[in-house]
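Single chain ahead, by itself, as structure tokens, in the form predicted on its own.
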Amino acid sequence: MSKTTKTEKKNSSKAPSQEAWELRLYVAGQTSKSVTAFANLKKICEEYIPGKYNIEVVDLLINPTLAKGDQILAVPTLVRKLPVPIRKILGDLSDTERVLVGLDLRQRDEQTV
């Protein structure tokens, strides 16, 4: 993550656009939670959707007006833009099962509710 840019794109290998996952991670500087959230997201993407994702990191300390478009109230927040529907996940993304369910990569286990 970079402090000097408004957004930073991390692209995996080239994937067909119809299969690409567009993910936006909102952070506020390079706090430990922000760095952890990015690392956890990258790990999950590499394991579950390798070669099919784009991650855009938006630092709200640099450009706070970008939070309005996705109605961001807390950071870090992950927004799945594609595939639709849009989904949001708050926090450092350390609960892999919760993230997978939130991204619709895995069905929620009814017995752990």
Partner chain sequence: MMKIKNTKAKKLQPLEKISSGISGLDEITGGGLPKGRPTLVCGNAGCGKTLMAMEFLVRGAVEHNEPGVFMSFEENEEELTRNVASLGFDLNALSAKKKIVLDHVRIERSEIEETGEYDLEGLFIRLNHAIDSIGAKRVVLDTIEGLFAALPNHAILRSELRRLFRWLKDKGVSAIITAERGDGLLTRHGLEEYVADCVILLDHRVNEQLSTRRLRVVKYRGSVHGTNEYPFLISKDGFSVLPVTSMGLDHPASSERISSGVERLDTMLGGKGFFRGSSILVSGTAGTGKSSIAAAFVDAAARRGERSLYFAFEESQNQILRNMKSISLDLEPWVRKGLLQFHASRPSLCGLEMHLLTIYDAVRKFKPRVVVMDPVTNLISVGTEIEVRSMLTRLIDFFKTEQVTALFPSLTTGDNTSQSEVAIASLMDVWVLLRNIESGGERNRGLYILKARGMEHSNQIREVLLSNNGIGLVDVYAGPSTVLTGSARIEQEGREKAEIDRRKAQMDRRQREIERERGVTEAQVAVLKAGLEAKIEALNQEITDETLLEQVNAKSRFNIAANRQADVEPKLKNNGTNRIH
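Numbering follows the first chain given and starts at 1. Being a predicted model, the structure only gives us computed values, none of them experimental.
Note that the form predicted in complex with its partner chain isn't included here; everything after this is about it.
- Using a 4.5 Å cutoff between non-hydrogen atoms, residue 68 counts as a contact of its partner chain in the predicted complex.
- Taking the partner from elsewhere, residue 23 is found to have every heavy atom lying beyond 4.5 Å of its partner chain in the predicted complex.
- In the predicted complex, no heavy atom of residue 49 sits within 4.5 Å of its partner chain.
- With a 4.5 Å cutoff on heavy atoms, residue 57 does not count as touching its partner chain in the predicted complex; it lies far away.
- Residues of 65 to 89 that come within 4.5 Å of its partner chain in the predicted complex, judged by any heavy atom, are 65, 67, 68, 71, 72, 73, 74, 75, 76, 86, 87, 88, 89 in sequence order.
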